[in-house]
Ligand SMILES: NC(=O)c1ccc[n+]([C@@H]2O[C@H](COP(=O)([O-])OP(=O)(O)OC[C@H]3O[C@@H](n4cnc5c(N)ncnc54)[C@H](OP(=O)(O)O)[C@@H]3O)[C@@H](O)[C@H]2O)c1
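In the form predicted on its own, a lone chain appears below as C-alpha cells.
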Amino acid sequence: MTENQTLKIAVLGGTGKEGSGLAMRWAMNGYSIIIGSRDGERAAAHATEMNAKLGKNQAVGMGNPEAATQADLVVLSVPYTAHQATLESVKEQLQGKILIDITVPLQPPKVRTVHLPEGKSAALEAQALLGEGVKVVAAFQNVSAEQLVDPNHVVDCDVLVCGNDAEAKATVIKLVKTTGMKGVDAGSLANAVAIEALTPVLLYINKAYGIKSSGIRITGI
C-alpha cells in the first residue's frame, strides 16, 4: 500500500470551506479522510456528501475527539474564537502526532487589521497548550478558501510552512504538494507570527482591489 492509502488525516472543523476544500483535495489523492466537528452528525453528513462527489467512500465523519483519536495526522481548521476550546477537547488524543494548525487570530469586525493574540500567534498558543508531545506545524493561513472550494481549480499561490520539527515540516510540505500548491519551508514555529499576520493584509488587498483570492508567491526558488 502507498502512504496515501495508509495515512489517515482528520480535519477538525472540516465542514467549513477551507477545511472541506483541503479534505477534498487530499481525498482525491487517495488519503483516508476523517471529517471532525463539534457536531458528529453534521460531520457524518458532510462526509457522505463528499463521498458522493468523489464517487467512492474516502471520508467518514465524527466528533472531534474521536476523529483525532483515529487519525495519524490532524488538521485544525476552526475560527480563532473556537481555537483554544477545540484544542483542549482533543489534547490527549493529539499526543505523539503532527497537528497542522491553519488558524488565523482574526478579530472581527476588524479582520483586515493585524491582531497579535496574547501568545503572539495561534500556532504558538497551540504548541504551548498541547506540550512537546505534539508536533505543531503552521501552514495554509494565506490560502483563500475561495481558491479551495473547487477541487479541480489550480490554486495560484505558495504555502509557507513553519514548525520546530524538520521531519514534521517535510511531511506537511509533501501534503501541500498533493493539493496542487508548493510548500515552502519558512522556518521555526516562531515565524508563524508573521505568516498569520499576512492574512489580514491579504484580506485588505482583496477589498482594495475588488478580488477574492490574493495569495503569496515566493520567487527565486
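From a predicted model like this one, the values you see are computed outputs, not experimental measurements. Start at 1 and count along the sequence shown; that's the residue number.
Unshown form predicted in complex with the ligand; subsequent notes refer to it.
Residue heavy atoms within 4.5 Å of the ligand in the predicted bound form occur in exactly one stretch of 38-46, 52-60, 153-161, 174-182, and that stretch is 38-46.
Checking 104, 90, 71, 98 for any heavy atom within 4.5 Å of the ligand in the predicted bound form turns up a single hit: 104. In the predicted bound form, the ligand sits within 4.5 Å of a heavy atom of residue 82. Although the partner is absent here, residue 77 lies within 4.5 Å of the ligand in the predicted bound form, judged by heavy atoms.
By the criterion of a heavy atom within 4.5 Å, residue 16 is counted among the residues contacting the ligand in the predicted bound form. Although the partner is absent from this view, residue 143 contacts the ligand in the predicted bound form, with a non-hydrogen atom inside 4.5 angstroms.
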